[in-house]
Ligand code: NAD
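To begin, one chain is listed below as structure tokens, in the form predicted on its own.
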Amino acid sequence: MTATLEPTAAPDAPVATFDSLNPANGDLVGTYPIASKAEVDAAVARAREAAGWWGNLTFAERAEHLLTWRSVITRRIAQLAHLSHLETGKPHGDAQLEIVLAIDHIAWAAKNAKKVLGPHKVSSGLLMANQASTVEYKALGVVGVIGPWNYPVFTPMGSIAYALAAGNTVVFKPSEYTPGVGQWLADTFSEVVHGRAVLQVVTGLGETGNALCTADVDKLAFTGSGPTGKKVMAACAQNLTPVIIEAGGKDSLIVDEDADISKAAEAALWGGMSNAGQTCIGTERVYVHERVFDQFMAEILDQAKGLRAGADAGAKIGPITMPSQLGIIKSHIDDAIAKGATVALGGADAVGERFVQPTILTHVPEDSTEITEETFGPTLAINPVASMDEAISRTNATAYGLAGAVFSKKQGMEIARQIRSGMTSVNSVIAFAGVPTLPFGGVGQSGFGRIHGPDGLKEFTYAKAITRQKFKPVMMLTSFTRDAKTDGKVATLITLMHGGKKTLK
């Protein structure tokens, strides 16, 4: 048994479908059903029933299933990477890299769920000293996940694996550009749990995603654009369904005058160009101290020699997966050039029918769309700054607040702490994404909520507080038998505890 939905229509009625195409050449990768609202609701109902089994397993039992799934994915990593390559166009090596990171996150979530979510004793304080207090984190029930196409394994796994480890069942709607990857994940997990509807996939277009938002799920995790995230929130609001939103970013990389220029250039180039720039936590802006700006530009242009987009084995950059993004990328490049930016690499002719060649612009006006809006293509806007204060100010002058990077030998941590974003890497780029213990998420127009780490596990639970009376209270406060003498003692006690002026040491 697999996680594939069974159509509810009559046997002779046509089933609505859509095609998954290879963005590098337009070839057909697969054809998938468009799940209707009734089919989505049916999947959620099956998940609700399966939650009775999955949620009642011990943490250790769930971990065993998740670790088995991890092993299955690991053994079949080449198969999954090839499927991701076909649907996204990204090189096999890049596809494998995101799967490797996803595998590590599955393992961490499985092994640490009990430690993070299991019962914990907490202090009851002096007033309630007769009570033993504990807090634990209970599964919500059924979690809906709407995933993106740019990292079709790693990104949704940050919700799927953590929700499963916490004891929830999951209904996953993958992007219409990568339905095969989503189906593969659901099918392999189904093997592990012997066909139980613990993780199901519903394929389709926007209406299918909307149906999942309005279905009987207990929480919904979404990754995608800001405008779509707002629609998701509006749809989920109908049932007061809480959401996690991981939207876009306009992340910057800051280069201080004492930075390792070669490493900073290498990081900026990879952060901006890998996956054809289609990375929400990728680098789109670079602010370089003016004293090392010329050195930095010489270094990054030297490293960019031979770097190109294409479908052949020698190309390290794949196609633009979503065709509509090509127009946005071109408009940003054109706007920057029209406003006075200097073309250092690529430029106006870099945008083709399927591929965009690496483009580096300098002295880009801060009011151009290349600076203010998410480009999501292999472009970098590199500007000199007079100081790190200016770099920080320009970095924070955006409605986004997802991630970023800092290269500095002495001030790296100090600068990182002043950046308004959910994540920052010092002397590396996007390293935080590979650390399972760290939370992942943004602020502002980049969304809210966290996946990964203890915060990610707790996102898919609710806190359950329990007190147990250990012995009779010295003063009975929660009773109508409480008298004026007791009230006086309470006033004296609270004054002794909190009435004096004390400073923190």
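Nothing here was measured: the structure is a model prediction, and the numbers come from that model. Start at 1 with the first residue shown and count on from there.
Beyond what is shown, the protein has a form predicted in complex with ligand NAD; the following relates to that form.
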Report the stretch among 301-309, 240-248, 73-81, 120-128 that approaches ligand NAD in the model of the complex to within 4.5 Å, counting heavy atoms only. 240-248
Among the candidates 141, 384, 148, 91, the residue which, in the model of the complex, approaches ligand NAD to within 4.5 Å (heavy atoms): 148
Considering 340, 206, 314, 327, which brings a non-hydrogen atom within 4.5 Å of ligand NAD in the model of the complex? 206
Does residue 174 reach ligand NAD in the model of the complex, with heavy atoms at most 4.5 Å apart? yes
Check whether residue 135 has any heavy atom within 4.5 Å of a heavy atom of ligand NAD in the model of the complex, and answer yes or no. no
Can you work out whether residue 374 and ligand NAD are in contact in the model of the complex, taking contact to mean some heavy atom pair no more than 4.5 Å apart? yes
Within 4.5 Å, heavy atoms only: does residue 189 come near ligand NAD in the model of the complex? no
Taking 101, 321 and 379 together, does each of them reach ligand NAD in the model of the complex with some heavy atom inside 4.5 Å? no
Just give me the residues of 217-235, first to last, that have a heavy atom within 4.5 Å of ligand NAD in the model of the complex. 222, 223, 224, 225, 228, 231, 232
